[in-house]
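In the form predicted alone, a lone chain appears below as C-alpha cells.
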C-alpha cells in the first residue's frame, strides 16, 4: 500500500514520525536528524490515537519510537504501524529497553534499535533506512512507468484497449440484477483530412481534446478508451435503460457542437456513433465492442454525424461482413460483377434514348447480390474505386456493342462515387475508357451526387470543365436530397438534374412531394438543363410528370434493370432508335 502512495507523490528530504512523550527529546533528536537530510519534516505523537491519526493523514518515511512512555510503548506503536498496512521503517530509540526485548522486537519486524544518546550509531542507521526507502521509491517509479506504458494510451492518457476491457468487465460485473450499461463506439468523421492538411502534430493535439470532451460527457461510473487513430469507445453504467442510453449519445454529440480551437484555428468535428446495451446486445465487452462498431458503420453509411443503436441482424454479423469483404476483394479479378441496364424514356419523342448502368454481384455461392448489400462495404474498404473503374469500361464497351447492333443513338449513364470523383486521374480514366471502347463522348453521361458536387466547389468545377471539354455529359443524381445553394448550382457545368425517387412516392397525392418535383423541373428549365425523374411506377405519375414538363422518365413502370441481351430485345420491341420524331410509341410494351 505504501508503493501505491509513492506512485502519486515525491518525498523531498525526510519525513519522520516521532513516538516520544518528551518534546525536548524530540527537538534534540530532530536537530541531529538534520545531519542526515538537508530537509526534515517531523511530527511528535505520544498516544495510540495520535499515532493512528498521523498514519492515516500523511505519508512517512521513518518512524522513530521511544520504548517506554507513560501512556504508550514501542510494542504498541509498532503494532499500530503494522496494522495500518504501510511498510515504514521502524526504529526503537530508547535508553530503557534491554537487549533481550530489543532483539525480540526485531524478530517481530522492527528494523533496528539504538540506545538513546548514541547519535553516532543512530545517524548511520537512519541513512541506511533512507537509502532503502530511496531504492523502494525508485523501484515504484519504474513500476509506475511500466504500468502507464502497459495500461494507458500514451497520447491521450486514456486506458488502452486491454485495460479498458478489464475495467469494463469489472464495472459490468458490479451491475445489479435488472440494471445494465450502454457502450458507444465513436469515429471522428473525416479526421484524416486534418492530418493530411495540417499535419499529424495538429491531429494529435485535437485527439487529446476529443478525449477530454468524451471524458467530460460520461458519469463517474463511465470509462473511455482510444481504440485507434480516431476511434474511441466508452462504457457508462449510469446509462442502464434505452432512454438513458439515448441521453448519453445526445450528451456526447452535444459536446462536439462547439468548435475545437487550436493555434488560432477553429475545427468543427462530428462523430459517427454506434451504440449497444449491456446485457441485451452482449454479455461481455468483446461482443459489445463488435456490435457497437457494426452500428457505427451503419451510422457512417447513413451520412455520418449521426448515431445508430445496434439491431441484431443474422445476415450482417462481423463474420459475415469479413467473409463478404474477402470475397469482394476477389470479385473483380474473378469477373463476378455484371451490369444491368434500366432504360429512360424521352417523353416528347416517346422513345428510349438512354440507359443507366447498374452493377450487380453474381456471387458463385449466394447468387445475385443487390448493390445495397455490397456497395456500402466497397465504400468502407476502398474497393469502390476498382469496382467503379470496371463499371465505367464495361458500360462504355457494351454501349458501343449496342451501337454496332443498330442502336446508334443510345446513351449510357454511369454512377461515379465520391472516391472516384476525387481521384486525380478521373479525367484520364474516362478518356482511356472512351478511346479503348470507341464510344463517342456525348454518349457517356457521368452521374455524381449532390453531396459530391458541393464538396470543394472549385476543384469540382475544374474536374467537370475537363470532362465537358472532352464532350462527356454530367448529371446530378438524387437531386433534392442534399443542400445545394442555387447560386452555386449555376456555376457548375452540368447537363441534367435527376429527381430522387424518394420524391416520386405519393407525388400525385402528397402536396409536399409534388411541390418539390415541380420546383426541380422548373429549376432545370430555368438553368437550361434536362430533367429526369427516377422511380416512376404508375400511370398517374407519368401523366403528372408529363404535365409538369419533365424531359425523361425512368422506373419500373417502363422496365426494371435488364441484362444486356434482354435490354436489346426490349428496345427492339419498343421501337428501334430512330431520328427524332420517328420513334414508335413505347406504351405498347
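Numbering follows the first chain given and starts at 1. Just so we're clear, the structure is a prediction, and the values are computed from it rather than from any experiment.
Below, we refer to the form predicted together with a small molecule, which is not included among the displayed structures.
Within this chain, residue 94 is remote from the site of the small molecule in the model of the complex, having no heavy atom within 4.5 Å. Contact check for residue 537: a heavy atom falls within 4.5 Å of the small molecule in the model of the complex. Proximity of residue 48 to the small molecule in the model of the complex falls outside the 4.5 Å heavy atom cutoff.
Among heavy atoms of residue 420, some come within 4.5 Å of the small molecule in the model of the complex. Candidate site formed by 391, 477 and 556: every one of these residues places a non-hydrogen atom within 4.5 angstroms of the small molecule in the model of the complex. In short, of 372-380, 101-109, 245-253, 345-353 it is 372-380 that has heavy atoms within 4.5 Å of the small molecule in the model of the complex.
None of 119, 327, 426, 384 but one reaches within 4.5 angstroms of the small molecule in the model of the complex through a heavy atom, and that residue is 384. Checked against the small molecule in the model of the complex, the residues 439, 472, 271, 357 give one hit for a heavy atom within 4.5 Å, which is 357.
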